[in-house]
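Just one chain follows, in the form predicted alone, and it is written as structure tokens.
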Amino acid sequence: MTVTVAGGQGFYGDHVGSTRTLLDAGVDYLCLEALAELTLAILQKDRQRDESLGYTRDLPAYLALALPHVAEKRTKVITNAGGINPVGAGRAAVETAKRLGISGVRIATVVGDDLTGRVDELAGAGHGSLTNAETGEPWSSFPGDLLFASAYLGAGPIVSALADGADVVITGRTADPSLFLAPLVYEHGWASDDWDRLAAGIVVGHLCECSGQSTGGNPSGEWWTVPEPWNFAYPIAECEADGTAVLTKAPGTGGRVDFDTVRHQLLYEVHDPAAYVTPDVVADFTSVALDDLGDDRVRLSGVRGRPATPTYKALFTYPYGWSGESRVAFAWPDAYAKARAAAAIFRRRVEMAGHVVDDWLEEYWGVNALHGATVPLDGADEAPEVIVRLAWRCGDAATVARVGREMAPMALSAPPWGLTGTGRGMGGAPSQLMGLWPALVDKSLVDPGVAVEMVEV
């Protein structure tokens, strides 16, 4: 039996309309991957304003397209759009179905990834619990008030929801590829220790989770040859019970699926390709065989996996002050020299005004912003234009705003601008920052709190 899974979303704010081509293609499962660490910060700000929020607010738009297909039993939807409030997302899904007049649909919500109320218990559980996984600092060094904490769950709760008849499954923080692995485990009956097949499902998920990146988006090769990039395809994987799969796209869409596009995505956001750690399995991406079949079809086979680790990754977040930013463009001649001088003048003005800045970031677009020095610095003043980007972090929004106001008088009292402010300009509105504390938490401490709540509309 072939099971088709499709990646209909790669991030919060992705193009909703692209989902329609996948639904029209008749995929068995539409998976919507909506979360990133930046997304969690956005959702936290939403929840601070309104406790009923905290999920991705484009979820109803996706469901408005998908639910008619779901009601006709043509597809099922799996998404982690629940963010830090999956219960709220579940309510929004029910309201969307009712608004569309759709009934007979079972909507499942996975809860239990939220560890916010359990920090004291987890910190006292031993085993080095909640030690910062990047710095090695103990939990006693946690630098502020906890905003929220989430564990990256795996495919298991989604599989349980599907087994209970769910048509739509909404989770909070679930590892991205696990969204795609879950329907394969459920449909093909893969065992929880069938490491090679589980790893194959993770490869499928990794290739599908970033929407257009495996179908020709962001290629480092001949990007100009990708057909119809304005009509981009999102990926479809045709998956077999033995773990092999074919990655393809819907007919009549732009983009391209070939050896190059697939291998680019395979290595995206991967630290160790021989040990890609997920909650479900440790996948060996170096074992993947890619066979380009032509006609936008690439076969995946040979994937090997190793037993899953006994821990979940978890994120504990805290307030990290506020940031401001100013970007100003300078034209030739002496663009780089003028930009450096303006930055120095601005920072001196801030110092003279007595404003406390915790951190500065200073970079020069066109000279050193992306990959370090991109032109010889002794010749950088010949650059036709340079944008200086100054960002600062302060303890409160009011100080950030006062720092930004020190830039405005420089419009007439500094080196000649040549152009003007760009983006957030000459001192944009303060933006609240969130700090991240990554840790590993024993699965045995998390799993008892994970549950699936089912509602039939």
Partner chain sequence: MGDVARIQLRDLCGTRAGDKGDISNVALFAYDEEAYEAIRAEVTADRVKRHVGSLVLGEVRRYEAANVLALNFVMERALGGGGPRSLRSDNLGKTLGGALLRMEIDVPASVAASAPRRRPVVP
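Keep in mind that what you see is a predicted model, and the values were worked out from it rather than measured. Residue numbers count along the first chain shown, from 1.
Although not depicted, the form predicted together with its partner chain is the subject of the following passage.
Contact annotation for the candidate site: H15, P307 and T311 all lie away from its partner chain in the predicted complex (no heavy atom within 4.5 Å). Only one of M352, V270, L293, A191 comes within 4.5 Å of its partner chain in the predicted complex through a heavy atom, and that residue is V270. When its partner chain is considered in the predicted complex, only one residue from D242, D164, E222, D120 comes within 4.5 Å through any heavy atom, namely E222. By the criterion of a heavy atom within 4.5 Å, D50 is excluded from the residues contacting its partner chain in the predicted complex. At the 4.5 Å threshold, heavy atoms of T286 reach its partner chain in the predicted complex. Its partner chain in the predicted complex comes within 4.5 Å of a heavy atom belonging to L38. At a distance threshold of 4.5 angstroms between non-hydrogen atoms, L266 is in contact with its partner chain in the predicted complex. Annotated contact segment (heavy atom within 4.5 Å of its partner chain in the predicted complex): 389 to 397, selected among 58 to 66, 389 to 397, 407 to 415, 25 to 33.
Using a 4.5 Å cut-off on any heavy atom, the one residue of 129 to 158 that reaches its partner chain in the predicted complex is E134.
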